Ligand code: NAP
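For reference, the chain that follows is the form predicted on its own, supplied as structure tokens.
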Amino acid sequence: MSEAQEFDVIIVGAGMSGMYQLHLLRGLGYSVRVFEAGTGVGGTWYWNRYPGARFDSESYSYGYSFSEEVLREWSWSEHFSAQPETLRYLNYIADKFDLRTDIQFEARVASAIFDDAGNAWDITMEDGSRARAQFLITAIGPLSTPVMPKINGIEDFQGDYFHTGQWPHEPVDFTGKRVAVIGTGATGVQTIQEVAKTVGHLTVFQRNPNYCAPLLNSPIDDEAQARIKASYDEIFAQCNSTHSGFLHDADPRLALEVSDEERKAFYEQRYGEPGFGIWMGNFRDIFVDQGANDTISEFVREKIRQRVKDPAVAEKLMPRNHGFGTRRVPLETGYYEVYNQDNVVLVDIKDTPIEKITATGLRCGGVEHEFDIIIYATGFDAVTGGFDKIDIRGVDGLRLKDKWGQGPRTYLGLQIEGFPNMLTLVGPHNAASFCNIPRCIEQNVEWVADLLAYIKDHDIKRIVPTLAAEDEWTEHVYDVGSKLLFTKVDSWFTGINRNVEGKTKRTFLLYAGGAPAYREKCDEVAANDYEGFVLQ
């Protein structure tokens, strides 16, 4: 065994949250080491290089807000930035604040074991190297663990195959190729509409269709750029006032209390505007009232009928097992029109399941399909998956995976009873897991930095929530969620992933009470000398 490196704080992950946490804790005088599995910074935007990957929140609402200098210097080129530009931005941040000096790349954490007597976390990497710190902060992201489907013969395929969440760093050429895409969630939609531009023939294998809405992206011209830079205070204030940190906020009216004409005109307006307004800026009852939700669901289904020429294909693309917005809404640019191309075929694998992957393609419904490339847009083991991949053990050797066997339990989505000195940025039951994520990341990171400043000032060695505080917060999370249609649907929001063993029980992984209410609760806890925590 190698000798353990010692630090005050270890952070797992060099994405947006890990980078900002490092920056703030260095300013407090802590010695910090970030362990990152990749070869560079960026987290989500490092790994997800698939064709068409981009923001679906406005670029200028997505970047960091903590540096006036950065806001002046950096100019986004599009209203909804593509992955390469976003990764350049995060590398620019790493360079500007000299973050790489405290980041160890190609360092995947295998285990994190709490030493009760020594009051420290012992970390072991997959290569056997070791580190030790008083505090452990996870910054692993809610969608960082790609999942391959349970299909026999995946490794038998002799062509190229990729998961969207583990895309190669070099370009992939689809020109003239026979390509399969398995999955039609958010990453699938972005991939399909891009691959379809050059592909020889594309077959889309869909299990569950999703309600998609237009992105309506455009370049940012000089006039808009100047207006954005002059308005950053207002932009971030608006984001901080809305339920989920987006520029869009719910309309105060009820869908069922306006006339049919007024409701349809409003839906048309939202459908014709860029971004998530149709999801986050809709009538305030569409997520709690099934009748209200039915009106927007039927509106979007009618749009699918209008945009897809073949009625049978259009019917396949219309969700019937959930309402609009109760799953994550993919934003698209010409997605539905892809299915009007002669070289594109849609296969519904609920009707004709994929039987196996073969050396030359796959067999589905008794039919052999031959492909040059297979793309798995099959999503992630969301929110808790990144934790499950690390052997995390707290007091008395308690495994986190065992504690969360029936669903996660946390206090504020930031700490876990039985796991002292461990803090979970963007973890389960945290507002940041259902948010325009950088807005909530900044709240999480700044709150943790304030906590560690308090700990340093008061010479505290150990912090852990009480079981009562954890019980109360977990109950509150479920109580708030129970009022929403989200929790009645199988999705990653509710912890369902049929490609992951043990992820078939419906729980709730998010905090749906809204970012403002969450921020208020966290501030109240801090103001009351970190009520609900035991500080020793």
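What you see is a predicted model, and the numbers here were worked out from it, not measured in a lab. Start at 1 and count along the sequence shown; that's the residue number.
Although not depicted, the form predicted in complex with the ligand is the subject of the following passage.
Heavy atoms of residue 492 reach within 4.5 Å of the ligand in the predicted bound form, making it an interface residue. Not displayed here, the ligand is kept clear of residue 486 by more than 4.5 Å at the level of heavy atoms in the predicted bound form.
For residue 379, a non-hydrogen atom is located within 4.5 Å of the ligand in the predicted bound form, even though that partner is not displayed.
Although the partner is absent here, residue 199 sits far enough away that none of its heavy atoms falls within 4.5 Å of the ligand in the predicted bound form. Each of 56, 183 and 499 places at least one heavy atom within 4.5 Å of the ligand in the predicted bound form. Contact with the ligand in the predicted bound form, judged by any heavy atom within 4.5 Å, is made by just one of 86, 190, 282, 244: 190. Checked against the ligand in the predicted bound form, the residues 208, 293, 124, 443 give one hit for a heavy atom within 4.5 Å, which is 208.
Of the stretches 126-134, 323-331, 234-242, 460-468, only 323-331 has residues with a heavy atom within 4.5 Å of the ligand in the predicted bound form.
Residues 143, 149 are the ones in 127-149 with at least one heavy atom within 4.5 Å of the ligand in the predicted bound form, listed in sequence order.
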